[in-house]
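Heads up, the chain below is alone and in the form predicted alone; it's given as structure tokens.
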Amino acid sequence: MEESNNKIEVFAPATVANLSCGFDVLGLCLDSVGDKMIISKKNKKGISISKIKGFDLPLNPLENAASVAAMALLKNIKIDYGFDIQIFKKIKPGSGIGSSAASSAGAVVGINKLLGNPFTKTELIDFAREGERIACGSPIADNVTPAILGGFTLVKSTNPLQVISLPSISELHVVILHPQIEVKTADARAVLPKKILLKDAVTQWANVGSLVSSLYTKDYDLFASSLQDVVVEPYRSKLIPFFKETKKITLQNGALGYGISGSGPSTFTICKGMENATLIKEELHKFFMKTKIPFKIYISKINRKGIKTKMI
């Protein structure tokens, strides 16, 4: 094998899941926030993790989302060598912007590339879900799908897995506000009701349908009116400091929508244009500086390509 085919650098982007109305089915891919991974072929079979920088995560391949996803891939191909993974973590675990999904998706996409792309993107999403299983307790697909496909995505079914790429709108920008607290996915799921009112279900699925339509028609007004969550947000927002106040700030300053990113504590604001996104970032920064909670704020375009790779 040539040296250039033995090692790959991977940019594994952060993602926003749910998009208010689409619990467990909708997601989008961010562009300016993500992890770097270096994946190398090695003579010994199996998966190893030789380095993790940024956050304290397990090196044990049986406990790390990236290696678990990679092992799921290797079960489906016969090779006489293995892979080593190095992770340079920029997405804080438990942030709500797809930290474990980035690791899982980045690992399988990088390894697939080194293997000559024998697997489809849908198959890669299925492998990456196994990383989510070890990290979140459930093989969810709403973060790994946009990470791998890019842009806006819809998970139609998980058994069998069926995912759909949706159109994007070039002017859309996302502002991520990340209070530096942790909300575990399991805890965020525990606060959700077991049953919901039929009228709320009707409202929610109508919003999902209209949001999808708005992406095809590039209808900003319809897009904005669809970013409403009557099922999950009323419960999860209680876990997020100053949620009501920050939502009010964004909507008063022209945001198209504001909601909880995944299970939180990060929130997302979707804006039309960089100018509006910058204004909202500044207003959120002013407000959170008055609190005693450390925070980070990011602005990102929609990443239409998903995970990016280059041979090194």
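It should be emphasised that the depicted structure is a prediction, and the values quoted were computed from it without experimental measurement. Numbers follow the displayed sequence, beginning with 1.
Same protein, other form: the form predicted in complex with ligand HSE, not shown, and the subject of what follows.
The candidate site formed by N18, R236 and S263 is fully in contact with ligand HSE in the predicted bound form, as each residue has a non-hydrogen atom within 4.5 angstroms of it. Taking the partner from elsewhere, F288 is found to have every heavy atom lying beyond 4.5 Å of ligand HSE in the predicted bound form.
Among heavy atoms of D24, some come within 4.5 Å of ligand HSE in the predicted bound form. Interface residue remark: S103 is not counted as part of the site for ligand HSE in the predicted bound form, having no heavy atom within 4.5 Å.
Proximity of R189 to ligand HSE in the predicted bound form falls within the 4.5 Å heavy atom cutoff.
Checking N112, T185, T158, N207 against ligand HSE in the predicted bound form, a heavy atom within 4.5 Å turns up for just one residue: T185. Checked against ligand HSE in the predicted bound form, the candidates I85, A135, I140, I125 yield a single residue with a heavy atom inside 4.5 Å, and that residue is I140. Between 141-149, 76-84, 115-123, 166-174, the stretch whose residues reach within 4.5 angstroms of ligand HSE in the predicted bound form through a non-hydrogen atom is 141-149.
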